[in-house]
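Just the one chain here, laid out as structure tokens, in the form predicted alone.
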């Protein structure tokens, strides 16, 4: 039986050691040159939350949770989606600043295109928290809160290897690679994490990218749109897999995973091992049915909860807790971060992974 260099359990253990080794286990104060002023503000203040397009269930849930959680904490939430694109998000943020929000939480469509608005926020004394996606090429971001996105990619890459080996212990394995939207700063982090696991197997010939499309730029999916992933998968299949078997596909999230599986089914091919992320309802159903192989559990409730905790700290004039002060260079500054740990989910551990989620727990029974 072929044995790959790592396992999902090993990655989890290594990640835990890495977190401890770089000081992520203990709260660390932000450095003076990167932290927001923490003089506190009125307990009933307005808090702005700028979210991107509704491209996945986790963003829709975040809207609900921010509205409920901020209201319950006594704030006036202003939570908006920018479904029409970057210019709409720019206008929304400017409006939030004009309306006097004290903290601005930004889940960016494109984290590199908000420089003018973030300067306005800084000039108005507003603390800026990058939510889920890093804000880049600006000094005007104070904190970053997210799941460990490189680890997400590592888990996806190892799940792809493990799933293919379980299906066929011998190998070698034919795969294709998909990445997220290039305007999302997380997309390349996911891809790089996955390739840190997959590249050694590609280099030694145990894994083959049949199309030859191995780079991030070749693998991207504009806008995280399912139709773009399905169209590309159709093209890859027709051009490379006439009589060749496809063993696995690296998919960065669940929406794209389902589109890829639809393409494969439409081509009449045997379903490959396909990864995902976000624990979307339809993908959890697919996993339990034996179609999609894996997803990543990044509990949006925990991410929103910690973000609101950071807002509470700021309101009280305290420094928010961070556990990674050094890793996130946005091109201008190193942004103090708080990272949560993601969890790989397959059919084997789904019941345990979702036992505290009333909706998803029902799907695993």
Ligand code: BGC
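Note that the coordinates shown come from a computational prediction; the quantities given were computed from them, not determined experimentally. Numbering follows the first chain given and starts at 1.
Keep in mind that the form predicted in complex with the named molecule is missing from the display, and what follows is about it.
Of the candidates 173, 75, 224, 81, 224 is the one whose heavy atoms come within 4.5 Å of the named molecule in the model of the complex; the others do not. Scanning 294, 151, 253, 158 against the named molecule in the model of the complex with a 4.5 Å heavy atom cut-off leaves one residue, 253.
Looking at 132-140, 226-234, 265-273, 209-217, the stretch with residues near the named molecule in the model of the complex, meaning non-hydrogen atoms within 4.5 angstroms, turns out to be 132-140. Although the partner is absent here, residue 315 lies well away from the named molecule in the model of the complex, with no heavy atom inside 4.5 Å. Put simply, residue 186 is close to the named molecule in the model of the complex: some heavy atom of it is within 4.5 Å. For residue 330, no non-hydrogen atom is located within 4.5 Å of the named molecule in the model of the complex, even though that partner is not displayed. The named molecule in the model of the complex comes within 4.5 Å of a heavy atom belonging to residue 278. Contacts of stretch 281-306 with the named molecule in the model of the complex, defined by any heavy atom lying within 4.5 Å, are made by 298 alone.
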